[in-house]
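Take a look at this single chain in structure tokens; it is the form predicted on its own.
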């Protein structure tokens, strides 16, 4: 009896990606935020050794991929991994597994709990069909932006807004010395002078202050929208500041709904390209309905990165 025809499109959507070899696939595993319990890691290694090529690949989006898995072994692989403990990721035109740095749990630079945000998005939005193209989400805990949030469809970056209690300030100057962005300088009265236009919301002044004169006035996410990498890269641009962590899922859902609506009939197209076509005003207006106090008055479209520039002209 002939083998049933393999629907490669459906398999890829479910995280089973065809390789070059006959009946061989890469199985992409779901690791939201890049965090994996050690016992799960051991089970994955066991399955990779038994059914794969004896090694795994760590994708740039923090997933673990099992290599050289035969189509005939899919059921056994899924069963032995334990579907409840280790789910397979998704590909195709849907919301992908969110990536994240370690956040504030143990990293001294972290300003927000990126891991909690990634897990919530994964639980509530992972696998949602976009109808158009992939949709990537990323959480960075601070302006160092190690996970490169700005090249995601929606990228979140931890931010705080500092405020000074002048009476508690002892004029030590540590805040001004620690500020590498030129947002702080010591005034003639020995107190720090804050230049808000230079602040990148890193919170270094709060961290170094020995008397807690610098305090957190606002904490949340800076949110950039419309980024992507690949053949025609775009850098996402700023739409919101100090968005509370608990509003991240609803914010993404609103952006996703706008994208699904505006890309109707456009085919296989990413969010950033739709923003270039529609302009930024429409998306800003939609976001202001539910998040009025966090949305910028105006912004610019995603910035084009011309990777072929030296070859032109």
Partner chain sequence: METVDLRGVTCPTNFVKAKLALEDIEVGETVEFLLDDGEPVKNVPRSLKADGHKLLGLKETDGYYVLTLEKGE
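Nothing here was measured: the structure is a model prediction, and the numbers come from that model. Residue numbers count along the first chain shown, from 1.
A second form of this protein, the form predicted together with its partner chain, is not displayed here; the remarks below concern that form.
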| query | Closest heavy atom of residue 207 to its partner chain in the model of the complex, within 4.5 Å or not? | reply | yes
| query | Applying a 4.5 Å heavy atom distance criterion, does residue 177 contact its partner chain in the model of the complex? | reply | yes
| message | Using a 4.5 angstroms cut-off on non-hydrogen atoms, would residue 216 count as touching its partner chain in the model of the complex? | response | no
| Residue contact check: residue 171 to its partner chain in the model of the complex, 4.5 Å heavy atom | yes
| remark: Among 76, 211, 198, 128, just one has a heavy atom within 4.5 Å of its partner chain in the model of the complex, namely 211
| remark: Testing 119 to 127, 149 to 157, 95 to 103, 163 to 171 against its partner chain in the model of the complex with a 4.5 Å heavy atom criterion leaves exactly one stretch, namely 163 to 171
